[in-house]
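Single chain ahead, written as C-alpha cells, the form predicted alone.
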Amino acid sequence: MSVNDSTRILVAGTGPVGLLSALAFAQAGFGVVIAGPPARADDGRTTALMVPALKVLDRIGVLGELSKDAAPLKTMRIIDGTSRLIRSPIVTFRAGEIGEDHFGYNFRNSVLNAVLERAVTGHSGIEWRRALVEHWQLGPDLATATLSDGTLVQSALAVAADGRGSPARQAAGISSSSRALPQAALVLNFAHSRDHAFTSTEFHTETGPFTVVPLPGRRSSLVWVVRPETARQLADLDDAALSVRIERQMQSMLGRVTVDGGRQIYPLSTSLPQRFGQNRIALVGEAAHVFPPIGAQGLNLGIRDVDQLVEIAAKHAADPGSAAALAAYDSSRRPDILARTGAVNLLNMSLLSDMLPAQMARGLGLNVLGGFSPIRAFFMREGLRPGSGFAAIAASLRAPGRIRDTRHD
C-alpha cells in the first residue's frame, strides 16, 4: 500500500531518536511535524552505533557526512576489573570472527546531533516547530498537541521521542516501572599516548562498567559508572589528577592520559513501560526503555524502534496510529526490548552484588564466552542483529557439508 502524503506524523522530541524518526518517516513518504528545541551544543558524550544502525543512517542519507568524524570499532573486549574472589578472564570479540570489518562506529553526540539537525532542516517533507508540547488531547481518530508557542498540531500518529520522563507516554495512559540506581556516569573524552587499535574496552568494576571507546586519532571517550558521590569527587579533580586516576584505572593500557574539559555526570536509572504504543502514541528511544550504559545498546535499540515503527506504519498507511498498528508495533518490539533491557540490568546487578552466586554466574558466563568461539560468535551476531545468531546456526545446519557428514555418521 502506498503512503498517503497527507497522512501526518508528529514527532515529539528532538534528540537523536526524534530527529531520526522525522527523517525515516519523511523518507517513507509521510508528512512530518517535529516539535522541540535544537539539541544542546555542549553534549560531550559519544555514541557507538552498530552496523544495523549504520545501515539506517545510510538509508536516510547522513552516514557519509557522519563517518568523517567517527572511529570504527573493530575489537570489543571485557576485562574483569573487580577485586572479588571470583574473577573472569579477558573476553575479546573481534569483528573478523563473524565476517565483519567492524562492529560499528563511535560518533561524538555533538556531531551526530548537528548532522541530523541539518538533514531535518533541509528536508522539504519535514516541518520543524521549535516549541515543546505542553498538552496532549488524544481522540479516537487524531492526536492533538498544543505547543508552547500556542499553536496546535494534529496527527494520525504521535511518536514519543521525548525522553525518559515522556509527557507523551503519560498522556497516553501508559504506566512504567522505573527505578533510580545507586550509580552515576562520569562522561568525558581524553587523549592518550598509545594507539587504541580501534578497540573498545569495558572494565567491569564493583560499581559498574568503566568503558573506553575509540575516537579518531589517539583519542577515546570514557563512560565511568561509579556511586554518585564518587562521580562528583572525580569531576571536581583538576585535569592532571583526573588524568592520573583514569590512567591508573585502565592499568595504563593506553599510556599517558590527558583529559579534555567539559566532563559531565548523568544519574542512572531503569525504566520499562507496560506497553510501547497506545492511544495514538508510539514510544521510541528512552520513552520506551532506560537502562545502564553497558554493551552499547541504548541508541541502537532506539534506532530499531524507529525502523520497525516506520515499517509498521507503512503497512497501515491509511491510519498509522490505529489500535491495530500500535498493537503490531507493541508485539514486534516487545521481545527485543525485554531481552536487551533484561540482560543489561541483570549484568549490572551482578556487578553491584556481593553475593557469591551472582559473581559465580557472571564469571561462568564470561568464561564460556571467552573459551568457546561458536558461543562467542552467536552472541556477537545477536548483539548486532537480533535473530541473526539463530539464523547463522540454522544456515550451518542446512549447509551441504553438514548434510554429507550426517549421512556418514
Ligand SMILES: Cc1cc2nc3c(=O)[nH]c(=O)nc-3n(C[C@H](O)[C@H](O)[C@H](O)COP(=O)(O)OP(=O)(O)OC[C@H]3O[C@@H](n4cnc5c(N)ncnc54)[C@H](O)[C@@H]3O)c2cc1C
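In this text, residue numbers run from 1 along the sequence as written. All figures in this text were calculated on a predicted structure; none of them were measured in a lab.
The same protein has a further form, the form predicted in complex with the ligand, not shown here; the description that follows concerns it.
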| property | result |
| --- | --- |
| Heavy atom of each of A12, P37 and R45 within 4.5 Å of the ligand in the predicted bound form | yes |
| Per-stretch contact check against the ligand in the predicted bound form, the hit in 172 to 180, 308 to 316, 281 to 289, 226 to 234 (non-hydrogen atom, 4.5 angstroms) | 281 to 289 |
| Residue (of I337, V133, I78, I126) lying close to the ligand in the predicted bound form, criterion heavy atoms within 4.5 Å | V133 |
| One residue of A325, V187, V120, I246 in contact with the ligand, assessed in the predicted bound form (non-hydrogen atom, 4.5 angstroms) | V187 |
| Exercise: N300 in contact with the ligand in the predicted bound form, heavy atom 4.5 Å | yes |
| Any non-hydrogen atom of G104 within 4.5 angstroms of the ligand in the predicted bound form | no |
| Touches the ligand in the predicted bound form: A296 (any heavy atom, 4.5 Å) | yes |
| Non-hydrogen atom contact A70 with the ligand in the predicted bound form at 4.5 angstroms | no |
